[in-house]
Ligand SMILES: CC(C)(COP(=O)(O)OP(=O)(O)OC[C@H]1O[C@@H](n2cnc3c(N)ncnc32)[C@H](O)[C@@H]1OP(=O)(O)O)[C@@H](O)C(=O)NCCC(=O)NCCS
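In the block that follows, a single chain appears as structure tokens, in the form predicted alone.
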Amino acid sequence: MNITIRPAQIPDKIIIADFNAAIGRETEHIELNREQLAAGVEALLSDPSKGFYVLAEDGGRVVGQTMVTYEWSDWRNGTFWWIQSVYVHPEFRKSGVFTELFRHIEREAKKRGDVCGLRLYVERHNTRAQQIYERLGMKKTIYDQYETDFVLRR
């Protein structure tokens, strides 16, 4: 396996939407609205101020993805990069694909000088993912997450 990492472009919107739909099914057991999902992916790919996607490829085949969005921290006078929409195709799990994606994002963030850290959220029961994040040097925070969602009804 020879993993390469690259930024996503508009032509990648279908595979990204497919992966995001799989995330919804696997983690939250919901079927996402495909039109809304595709529009959301395209909106981000078309507007760098929203964030960006990074793709992992093996032999030209997209096998993993990660989305990064931004959060300003006045305490740090810098921007956190939020790692979201993490997905690795089932055939490629446990083969280091996410580690490659994470290390790429980490290197890019450190190069910029205005990024104060990386953050992500993880499903409370996904202990395997939590162990991976800790192995990569991330630490559990003191915060729980709350939300009011105006779009997805659970």
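Everything numeric here is computed off the predicted structure, so don't read it as measured data. Numbering starts at 1 and follows the sequence shown.
Here the subject shifts to the form predicted in complex with the ligand, a form of this protein not shown in this document.
Remark: T69 does not count among the residues lining the ligand in the predicted bound form, judged by a heavy atom distance of 4.5 Å or less. In the predicted bound form, none of the heavy atoms of H125 sits within 4.5 Å of a heavy atom of the ligand. Using a 4.5 Å cutoff between non-hydrogen atoms, Y53 does not count as a contact of the ligand in the predicted bound form.
Shown alone here, Q36 lies farther than 4.5 Å from the ligand in the predicted bound form, counting heavy atoms only. For the candidate set R61, R103, R112, R93, a heavy atom within 4.5 Å of the ligand in the predicted bound form is found for exactly one residue, namely R93. When the ligand is considered in the predicted bound form, only one residue from L44, A129, L32, L118 comes within 4.5 Å through any heavy atom, namely A129. Interface residues of 32 to 70, taken as those with a heavy atom within 4.5 Å of the ligand in the predicted bound form (partner not displayed), are absent.
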